[in-house]
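Single chain ahead, by itself, as structure tokens, in the form predicted on its own.
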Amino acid sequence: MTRKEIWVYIERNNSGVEDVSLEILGKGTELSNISGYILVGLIAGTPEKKLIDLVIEHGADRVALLKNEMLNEYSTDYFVNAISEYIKNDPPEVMLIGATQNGRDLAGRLAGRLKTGLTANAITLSIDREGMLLAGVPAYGGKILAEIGCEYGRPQMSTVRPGTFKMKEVKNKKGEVDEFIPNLSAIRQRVRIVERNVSEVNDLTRSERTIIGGNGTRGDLTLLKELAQLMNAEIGVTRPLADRGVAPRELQVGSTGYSLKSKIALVLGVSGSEHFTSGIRDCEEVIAIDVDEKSEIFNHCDYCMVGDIFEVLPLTIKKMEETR
């Protein structure tokens, strides 16, 4: 027996809620309207009332609150046991989790505990007439979009790439709150947080202007940073630069990084592989500069320039400084 519900795991952070959780609620509202399923936000811990209200305002018909102070900090052991205890006898049809570091950890272990299927890093979501969740995942370098369904096992689970969907606030939305107190006294916590470092990197998925550097930068982002300051833009990089440690992983754009919805994306020294271009497909205007006139990136931009960025950018920066 399953509940005709779509559950969205609401990941908490120091400032409230991870944006991806609210983004999934936005998409969940659409899926709920199509399928007739109830949309539920799953929150663990002892959050303030304003956080619960926020989840309802973003579309949840009901909030399932796993109330226990031991769940205020993420712990694999506590969270997997608490959630599986709550849903194992009466699972929802669908459960969606943001593809963050903690979200990926939770989703994989939870799917194993519940003996159900899991699709990873989805960028599209739909529900067919039979109630099957179809999660679209880029494959073969982004050349195809594989739609994956889970025929057996419930809930049907998928993680969702941050920045893929838009948040949607529902005015005057009313929702119920169900509390469940999981028993965690017998659970041995094997991993404990001893130090927390919060990244100072801004969220690329919220950037209106983004400058993205690839191998053509030779790993030197100095000019990009100067230009970003003049444009009030954020810096992003391709996977090779993130792999080499030129920039933190939080700045990676593409199928294994973040998807952008920038009004302007300036792409510099990027060849334009499918892995990368899937991350800029929703940008309103893409401008690319590359030294290779046959570069694939020129097939994915609105404006292109053939040139050496180390010659073009100094002139651009100088002109912008003169006309600020």
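The structure displayed is predicted, hence computed values, not measured ones. Position 1 is the first residue in the sequence shown; the rest follow in order. Superpose the two forms; the largest set of C-alphas matching within 1.5 Å is the rigid core.
Form predicted in complex with a small molecule: not shown, discussed below.
Contact test, all of G103, I123 and P162, partner the small molecule in the model of the complex, heavy atom 4.5 Å: Answer is no for this spot.
4.5 angstroms heavy atom contact with the small molecule in the model of the complex for L96: Outside the cut-off, so no.
In the model of the complex, R239 touching the small molecule (heavy atom, 4.5 Å): R239 belongs to the contact set for the small molecule.
Proximity of Q252 to the small molecule in the model of the complex, heavy atoms at 4.5 Å: Residue-level check for Q252: yes, a contact with the small molecule.
Contact of Y303 with the small molecule in the model of the complex (heavy atom, 4.5 Å): No - in the model of the complex, heavy atoms of Y303 and the small molecule never come within 4.5 Å of each other.
Contact residue in the model of the complex, from S271, N33, N299, T46 (heavy atom within 4.5 Å of the small molecule): Flagged contact: S271.
Of G216, G117, P91, P182, the one that lies within 4.5 Å of the small molecule in the model of the complex (heavy atoms): For this set of options, the contacting one is G216.
Listed range touching the small molecule, judged in the model of the complex by heavy atoms within 4.5 Å, from 224-232, 170-178, 207-215, 124-132: Contact-bearing stretch, as computed: 207-215.
Exceeds or equals 2 Å, Cα of R244 between the shown form and the other one, core fit: R244: C-alpha displaced by 2 Å or more between the shown form and the other one.
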